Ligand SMILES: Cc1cc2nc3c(=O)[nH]c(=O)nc-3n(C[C@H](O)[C@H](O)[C@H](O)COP(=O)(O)OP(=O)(O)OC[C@H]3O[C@@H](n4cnc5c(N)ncnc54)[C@H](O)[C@@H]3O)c2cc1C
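Next comes just one chain, in structure tokens: the form predicted on its own.
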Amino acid sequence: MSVKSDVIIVGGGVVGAACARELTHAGRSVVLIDDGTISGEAWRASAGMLAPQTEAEEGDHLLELGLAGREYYATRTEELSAATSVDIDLFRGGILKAARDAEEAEMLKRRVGWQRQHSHHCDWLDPVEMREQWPWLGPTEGGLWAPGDGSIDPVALVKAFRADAEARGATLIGDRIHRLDLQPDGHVLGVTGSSTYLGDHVIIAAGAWSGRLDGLPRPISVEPVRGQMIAIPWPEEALPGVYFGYGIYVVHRAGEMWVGATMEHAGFDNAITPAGAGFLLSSVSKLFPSVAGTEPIRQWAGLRPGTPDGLPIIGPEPRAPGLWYATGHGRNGVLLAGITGVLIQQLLADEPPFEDISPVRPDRFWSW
């Protein structure tokens, strides 16, 4: 049996579902294909950070795209909720990044200065101000305060994206795609799993598994990066919010403190380890001393799709007209998912993208 559509999306995680949502809103017929049984999908293990300013380094190519990604959710949350009745739990109360020592303090001060020079609202707080506003935190040398950053529930977000796309005509199919099919002239024909799916366009949005398809015209430079997380009870004395420090981040969700995340090159092994939990517990105990000795309620892990330069891969495949990439988002999959959907929709419509996407072009790694 074969299924024909305008657009086939391989991968129904947060990026693939966002692409389906944006393309169906633009009137495209979409088939969204997701295995649904793969263990370790990044979005299922994500804390949903929206932290473009908190994490941006000086000269970061992702800052402007990240800010656009953050704004995407601010402008579409009500629309998504009205269309799907799904609460994506958008938090826009800011993120604090604490400096553990003088060296990190100087680095964060430079980050604040660089962002302020580019007219982005970001503040430096000295140690006295930190103690006054967040007395439950451990000793710090100050901190970066990004009032526009926040978080979102990634599981609810994927549910909302899929439901909105399906309501507008997208077909959701459970299948494991193993091959990209091209016509003799190199144009896209479709993909094959347990069935054959024919389409004018194919979007590869399979996260860490994107490069495992047969028939690709070039290697996709994406590899899995394991991230382990733990959940512990949220301490009563602490104000719910999002905090970074001591090499970890902390987010409040449903009365729990989600602590993440390790970055490990362990192939496709998404096992949880005592060492991973030990690192997270040790670090969070320095940031929140009152939780020292607390045992995790649970521990889990996901496989982020990492690239050699830390930037996603978004755009057309020059060698195979009709083939598009929306993968390699690493730790920024949730932040950039919605805006990636917008970019893919614009590119398929042959419209100029709203942002310069040359730093994320697909042929930057394998140009032969």
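Throughout, we count residues from 1 along the sequence that is shown. Source: prediction; values computed, not measured.
The same protein also has a form predicted in complex with the named molecule, omitted here; what follows describes it.
- Across the options 22-30, 300-308, 316-324, 59-67, residues that bring heavy atoms within 4.5 Å of the named molecule in the model of the complex belong to 300-308.
- Looking at residue 333, you'd find a heavy atom of it within 4.5 angstroms of the named molecule in the model of the complex.
- Proximity of residue 249 to the named molecule in the model of the complex: non-hydrogen atoms within 4.5 Å are present.
- In the model of the complex, the named molecule lies farther than 4.5 Å from every heavy atom of residue 120.
- The named molecule in the model of the complex comes within 4.5 Å of a heavy atom belonging to residue 49.
- Here is the short version: of 229, 284, 202, 144, the single residue with a heavy atom within 4.5 Å of the named molecule in the model of the complex is 229.
- Annotation for 34-55: interface residues with the named molecule in the model of the complex are 34, 35, 36, 38, 41, 42, 43, 45, 46, 47, 48, 49 [heavy atom within 4.5 Å].
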